[in-house]
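One chain comes next, on its own, written as structure tokens: the form predicted alone.
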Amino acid sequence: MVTNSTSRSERDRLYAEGRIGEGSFVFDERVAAVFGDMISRSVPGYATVLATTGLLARRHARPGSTLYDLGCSLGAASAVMAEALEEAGACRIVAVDNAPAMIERAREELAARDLAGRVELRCADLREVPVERASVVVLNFTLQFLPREERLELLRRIRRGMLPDGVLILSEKIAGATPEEERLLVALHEEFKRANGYSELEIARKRSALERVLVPEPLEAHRRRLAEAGFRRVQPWFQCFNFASLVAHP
């Protein structure tokens, strides 16, 4: 059983209780209230991705630079970076999300961890936020919600705003490289969710809602796009079923 030890989230019962209709997945107040529990029980390795984000921030952050958490949801990556950098010099941490409910909940989560003054929260479209003097940029399960045709330009803009020794952390739900691989990854992911207490109805309802807004791609597609965006070194460092994380260096 996966637990979430950092978030004060409610238990996710949205798709069991019919509190979400037949439409697309939306990051509204209902999702914000349960998101910490939802992502911990739905994304294998999520705690590892967060912990490693803190380690990478400590390694790459530079005094006077800015660390960006783009698509920050409840600010979990921002929080681990802030805690990791208590003695790393003066860095700004900017957390961006376009969902007001998520930003408000992130504000509460950061305050509960005594980090309210360490993170600048912005309710904005991440495609319109300037990236400047960035030593660390985090895109944790964010790019997958953007239209495919807009992903390369976002990565190019991030690359242009990064310091030479900075790092981009890109974590995504991925698609299998072949139909057979895709079927296996999906089956393993659904077994993971069953083991974490989700029913068949919840799994089916959420899958249907996410299919309208979340478009995953194979890992190799992400590697090629990062190279095309100007990142000279791209290293996948984590994968569990159909979730993966890469580090990219300008």
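Residue numbers here begin at 1 and follow the sequence given. Just so you know, these numbers come straight off a predicted model, no measurement behind them.
The form predicted in complex with a small molecule is left out here; the points below concern that form.
Practice task
Run the contact test on Tyr68, Gly161 and Ile169 with a 4.5 Å heavy atom cut-off to the small molecule in the predicted bound form and return yes or no.
Solution key: Not a single listed residue reaches the small molecule in the predicted bound form, so no.
Practice task
Could you confirm whether Leu126 comes within 4.5 Å of the small molecule in the predicted bound form, counting heavy atoms only?
Solution key: Yes, contact at 4.5 Å.
Practice task
Mark Ile39 yes when one of its heavy atoms lies within 4.5 Å of a heavy atom of the small molecule in the predicted bound form, and no otherwise.
Solution key: Close contact exists here: in the predicted bound form, Ile39 approaches the small molecule to within 4.5 Å, heavy atoms only.
Handout entry: Ser135: touches the small molecule in the predicted bound form, heavy atom cutoff 4.5 angstroms
Key = The answer is no: Ser135 has no heavy atom within 4.5 Å of the small molecule.
Problem - Partner proximity in the predicted bound form: Met102 to the small molecule, non-hydrogen atom cutoff 4.5 Å - result: The answer is yes: Met102 has a heavy atom within 4.5 Å of the small molecule.
Handout entry: Candidate stretches 109 to 117, 161 to 169, 94 to 102, 175 to 183, one within 4.5 Å of the small molecule in the predicted bound form by heavy atom
Key = Among the candidates, contact is made by 94 to 102.
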